[in-house]
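Okay, here we've got a single chain as C-alpha cells, the form predicted on its own, with questions on binding and movement later.
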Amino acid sequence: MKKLVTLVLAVAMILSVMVMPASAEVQKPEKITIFIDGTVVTEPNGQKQFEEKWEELSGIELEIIQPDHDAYYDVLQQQIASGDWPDVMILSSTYYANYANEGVLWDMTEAWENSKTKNSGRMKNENVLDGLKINGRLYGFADAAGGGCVTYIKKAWLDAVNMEAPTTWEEYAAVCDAFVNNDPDKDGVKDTYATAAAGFIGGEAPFINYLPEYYQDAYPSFYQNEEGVWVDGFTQPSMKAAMERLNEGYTKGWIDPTTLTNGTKDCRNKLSDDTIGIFTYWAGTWATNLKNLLINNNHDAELIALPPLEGAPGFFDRVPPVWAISSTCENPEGVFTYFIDTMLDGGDMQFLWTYGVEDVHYSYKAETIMPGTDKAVTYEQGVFHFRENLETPGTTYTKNHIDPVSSNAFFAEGYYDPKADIVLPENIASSDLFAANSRAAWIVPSTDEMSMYNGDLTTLKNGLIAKVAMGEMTYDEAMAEFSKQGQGWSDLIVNSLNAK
C-alpha cells in the first residue's frame, strides 16, 4: 500500500507542477467529490435534496460517493489503493493518523489558521481542532466534538425483574443474568439477551466503547500511561480481567451470540424488537433516536442512561471523525475554502449541515406529523419542527450531519438556531452524563512501523479477543499465540512511538 501511495503521490506532484496556476488566489472549484459514510444524509433520507441545496448555496457541483456504512473503511481502502482518490473524505482517528503519515492527506494548517471559521469568534470547541494536530500540523477538520457512548438500559425490563439500575460489576452481572433467565419481556419464552454489540471489539478508536462494562479499565490498543510512556494495552494485566468478563458474558448467554458479526444497525434493531435490554450507544441525539425506535415498535420507551460502573475510569470522549482533503486534489485551497470553511459558516450552510433541507427534514408549515397514529403531533404555521423520517417511518429526524448539541461553532449573532427550542430532555441528560464521566481518547501518532504492522496486529488481537470471549481459547492460550505472532510487531510499534 505504501509503495502504491508513494507512486500516486509522485505522479500527482508532477501533474501539479504542470498545471500550476499563475495566480496564488484561491480559485472556486467547479466540482467537488466527497467520500462519506452513513453519518451524512443517505439516499433514502433525502440525499438528493441535500445535494441540490448544497449546490444552490455554493454554486459548485457536488459528487457524493457513499458506501454502506458498515463496509465504509473496506471500500475506502480499496478506493485509495486504486489511486482514484476523492477530493474530500471522512476519516476516523486511526485512518486519519495513518493516512496523514503516508502522505495521503493535504496539510490544511495554514488554511485553517487563516480561515473565516477560525477567525469568526464563533468557535466554542477550538481545542478539538488543536487536538487533531499531528506533529503540530493539521490534516483534518472536525465540525463537532468527538462525543462518545453511554449505556442505556430498559426501565421496563428492570421493573419486570424487580431490580434497580446497576452501579457495580456484580450488580450489572446480576441484571444481565435476570434479563436472560427471568423473562423480562413477559412473553413466556426464554428468548432474550442482556446486550449486543457490533463486535467484541470496535473497528475504530476508542475500540471498547460498545462494551464498556466488560472492558472497564482495559484498552487493547496503544496508549500513553501516567508516566507519558506509550504501551500496548493488549499486553497489560487489565486485559486479562476484561477478556474473562467477555467470556463470562458470552458463555452465560448475556451477550447476544451474533455479536461477532453484528453491525450497529443490527444492534439497534435488537433493542427495538425487544431482543436485548441493554445497549451502549452514542450520547445526545441518539437518546431520542433509540426512544423513537422503541415507540415505533410499540414497546415501552423509557431508557436509563447508566453512569460508569464503580471503579471503572469512565467513558471515552473519542477523537472526532474528520473531514480531510486528499493530497492529490487539484485545488485543495479552493476545496477547503468552499467546502470545509463553509460547513460552520454561522448561516445557511451550517443550518443545512445541522438541520437538513426545509420541507424534507424539517418544516415551518402548519401540519400534522405522523397523522392517524398515536404519535401524531400538530404544529402551527411558523413553528420549526422535524418531519417524519423517510427511511424509518414512525420516527422523526433529530439532526442532519452535525449534532446541534456538540457543534464546534455557534451560529452567527441574529441567526435563528432552533436548538434551544427542540433539544429534548433525554438528549441533554445523556450528554450531561457523558460530559461528567468522560476522558479524552488518545490520538496515536502514526509511524512507519505503525503503518507497516498495526493492521495485521489489530486483526490478530481482534481474533484472539473473540476466541477467548467465545470459549475457543483461554486467556493464557491467547497470550501465548500473541507472543508467537504479534509481540515482535507490538514491540516495534511501541519503540517507534516512544522514539518520536
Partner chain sequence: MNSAVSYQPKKKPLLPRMKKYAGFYFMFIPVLAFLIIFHYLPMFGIYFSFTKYNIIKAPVWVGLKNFERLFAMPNFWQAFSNTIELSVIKLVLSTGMSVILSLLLNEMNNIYGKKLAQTIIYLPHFMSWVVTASVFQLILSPTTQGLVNSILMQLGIVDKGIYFLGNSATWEGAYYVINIWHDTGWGTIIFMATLTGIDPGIYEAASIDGAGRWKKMWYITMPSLANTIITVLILNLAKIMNLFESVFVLQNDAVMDVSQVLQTYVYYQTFNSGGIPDYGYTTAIGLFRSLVGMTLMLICNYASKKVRGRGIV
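These figures come from a predicted structure and were not determined experimentally. Positions refer to the first chain, counted from 1.
Separately, the form predicted in complex with its partner chain exists; it is not shown, and the next lines address it.
Single option in T342, N400, S326, T94 placed near its partner chain in the predicted complex, where near means a heavy atom within 4.5 Å: Here the answer is residue option T94.
Contact assignment for its partner chain in the predicted complex, among G347, P257, P371, P313, heavy atom within 4.5 Å: The option sitting close enough to the partner is P257.
Proximity to its partner chain in the predicted complex (heavy atom, within 4.5 Å), stretch among 458-466, 50-58, 427-435, 27-35: Looking at the partner contacts, the answer comes out as 458-466.
Partner contact for A441 in the predicted complex: its partner chain, 4.5 angstroms, heavy atom: No, no contact at 4.5 Å.
S483: touches its partner chain in the predicted complex, heavy atom cutoff 4.5 angstroms: No, S483 sits far enough from its partner chain in the predicted complex that none of its heavy atoms falls within 4.5 Å.
T261, heavy atom within 4.5 angstroms of its partner chain in the predicted complex: Yes, T261 sits close enough to its partner chain in the predicted complex that at least one of its heavy atoms falls within 4.5 Å.
4.5 Å heavy atom contact, Q77 to its partner chain in the predicted complex: Judged by the heavy-atom cut-off of 4.5 Å, Q77 is in contact with its partner chain in the predicted complex.
Contacts with its partner chain in the predicted complex, stretch 434-462 (heavy atom within 4.5 Å): Residues within 4.5 Å: S446, D448, M450, S451, M452, Y453, N454, G455, D456, T458, T459, N462.
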